[in-house]
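In structure tokens, the next block holds one chain alone, the form predicted alone.
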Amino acid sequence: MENIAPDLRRKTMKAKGKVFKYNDNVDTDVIIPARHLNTSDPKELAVHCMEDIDKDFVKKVQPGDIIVANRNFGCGSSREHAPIAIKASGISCVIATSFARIFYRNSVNIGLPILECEEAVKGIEAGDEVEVDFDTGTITNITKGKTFKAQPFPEFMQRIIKAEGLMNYISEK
């Protein structure tokens, strides 16, 4: 996984990148507009990721960057295309106050790490540099020198994410 690097000394998974910040109710039609659903190719979906809410997103996003959003991120349809587009764009993690449940499950299934942490959302701004330790749930805003604590994934979900998705995890077993 190019945007999430294992720290071999501690055997943890971390992400580090610049923040793109969004408000409440970012729905799947904004994440990947329905007019682009004629493909399931992750690279093709990534080209159109977030274009209806942030037309410059795909020009600015770099591998490892992080999305931070308020409540109900990923609401709308149940399509897996939305987390696939986000992951393929280079985003290493999404932090939000809350996620739509189907988006949450789809994200885990495709290996996109997501964390719920209202304090982090309040304390992180667009453009901040943030580091996330997925094993501990520690979110560090490097720009502001503040640390937040999210609930880490249970061990089995961490293994799915480290395998880059449920299908890879099952194949490895």
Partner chain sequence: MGMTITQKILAAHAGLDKVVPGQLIEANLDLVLGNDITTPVAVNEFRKTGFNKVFDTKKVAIVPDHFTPNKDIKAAEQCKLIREFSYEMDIENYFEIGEMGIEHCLIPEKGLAVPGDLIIGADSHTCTYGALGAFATGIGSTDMAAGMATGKAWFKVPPAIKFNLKGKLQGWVSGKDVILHIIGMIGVDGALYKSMEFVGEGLSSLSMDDRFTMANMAIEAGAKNGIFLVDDKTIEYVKEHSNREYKVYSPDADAVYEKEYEIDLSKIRPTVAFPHLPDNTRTIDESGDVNIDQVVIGSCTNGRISDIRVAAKILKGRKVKKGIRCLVFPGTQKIYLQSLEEGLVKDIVEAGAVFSTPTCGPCLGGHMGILAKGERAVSTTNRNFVGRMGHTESEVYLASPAVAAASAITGKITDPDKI
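Everything numeric here is computed off the predicted structure, so don't read it as measured data. Numbering follows the first chain given and starts at 1.
Not pictured, yet referred to below: the form predicted together with the partner chain.
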* Asked: Within 4.5 Å of the partner chain in the predicted bound form, do Ile124, Asp133 and Thr147 each have at least one heavy atom?
  -> no
- Query: Does at least one non-hydrogen atom of Ile102 fall within 4.5 angstroms of the partner chain in the predicted bound form?
  - Reply: yes
Going by a heavy atom distance of 4.5 Å, is Asn141 a contact of the partner chain in the predicted bound form?
no
| said: Residue-level question: is Glu44 within 4.5 Å of the partner chain in the predicted bound form, judged on heavy atoms? | reply: yes
Worksheet entry | Cys75: touches the partner chain in the predicted bound form, heavy atom cutoff 4.5 angstroms | yes
Restricting to 51 to 90, the residues within 4.5 Å of the partner chain in the predicted bound form through any heavy atom are Asp52, Arg71, Asn72, Cys75, Gly76, Ser77, Ser78, Arg79, Glu80, His81, Ile84
